[in-house]
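Encoded as structure tokens, the following chain is the form predicted on its own, with no partner shown.
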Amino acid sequence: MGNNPFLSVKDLRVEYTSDKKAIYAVNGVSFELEKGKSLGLVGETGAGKTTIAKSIMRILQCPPACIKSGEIYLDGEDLLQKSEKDMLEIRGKEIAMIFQDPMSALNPLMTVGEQIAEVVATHDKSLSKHEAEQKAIEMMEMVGIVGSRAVEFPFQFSGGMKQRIVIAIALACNPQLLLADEPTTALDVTIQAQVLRMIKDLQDKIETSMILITHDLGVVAETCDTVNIVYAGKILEKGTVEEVFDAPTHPYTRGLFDSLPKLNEKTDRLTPIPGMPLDPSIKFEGCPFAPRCERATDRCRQGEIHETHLGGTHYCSCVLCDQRGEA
């Protein structure tokens, strides 16, 4: 990893309290992201991906959430040590988030132009109301929507158009870091491809770093430079997209790839990963994937599993790994 990464997350641990029971959502996550690069967080629903992003954004609802430990450095400054007043300046201007559901992310009582202009005016007090409105129109046109539609309300737009508006809001102040939480989940395949291409083009244009949260390995292959495989609040494997996709090493990573349909093979059934995800209310020792892993040993269930360096930037947390990257 780089000596001075743009974003550095170190040993992040987040818990929720539900019915007086602890939910272990994020369990010692560490990773880095370079300036202008894209990182994919991949895993099943409930793996802790969105909690990681919300921790970076500092928008977790506390309670029930609580960041138990960790450090999050953005351009050398620890965000977890910032006051809420400081974070109000940082959110939207330095860090922006594209939420999964555009329906809930937009205010139905305000025009889309007003919502974009509000973000611009909040972070640039020198702009007049007219200048903020003009900036909103520019952002709409940048994401492929005619500026004259700025006076319309969210219900007048299709799902794909709403997501473009959400992206325009997120990018309105040229943030240094963009957190995209499954931004294309609710869209059909054609619109999904358009939105992903647009995000990538805009990212290249304004040199924004991005964390893309998804369960779709194909989206990661098209969009990201590096990838982290997340399971039960832990990163089980990480590296560049080429390193992980060419040589998936952890049994869970292999399971994800094996469950995908292959165009060059005929098969009656896909190969699912057996079992169910770990109950997050159970504080598990060892590898969290062990209960579902056909190759698990007693060692997998005991003590902390350390990362093995497989070469380059490729790391895997599995006791079966050797220096050749085999598991």
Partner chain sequence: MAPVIEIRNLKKYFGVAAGTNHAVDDITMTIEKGTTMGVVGESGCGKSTLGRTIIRLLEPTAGNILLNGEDITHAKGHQLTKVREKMQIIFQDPYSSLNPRMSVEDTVSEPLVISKKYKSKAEINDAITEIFSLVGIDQRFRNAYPHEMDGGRRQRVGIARAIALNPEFVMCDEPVSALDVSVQAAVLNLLMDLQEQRKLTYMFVTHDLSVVKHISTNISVMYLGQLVETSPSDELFDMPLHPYTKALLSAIPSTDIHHKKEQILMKGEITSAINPKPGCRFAPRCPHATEACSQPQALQEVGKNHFVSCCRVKELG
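Predicted, not measured: the structure shown is a model, and the values here were computed from it. Positions refer to the first chain, counted from 1.
As for the form predicted in complex with its partner chain, it is not shown, yet the points below apply to it.
- Contact here is defined as any heavy atom lying within 4.5 Å of its partner chain in the predicted complex, and by that definition each of 158, 191 and 241 is a contact residue.
- Contact between residue 44 and its partner chain in the predicted complex is found at the 4.5 Å heavy atom cutoff.
- Contact check for residue 75: every heavy atom lies farther than 4.5 Å from its partner chain in the predicted complex.
- Put simply, residue 127 is far from its partner chain in the predicted complex: not one heavy atom of it is within 4.5 Å.
- Its partner chain is not shown here, but in the predicted complex it comes within 4.5 Å of a heavy atom of residue 219.
- Picking from 263-271, 294-302, 65-73, 31-39 the stretch near its partner chain in the predicted complex, with a 4.5 Å limit on heavy atoms, gives 263-271.
- Contacts between 85-122 and its partner chain, taken as any heavy atom within 4.5 Å in the predicted complex, involve no residue at all.
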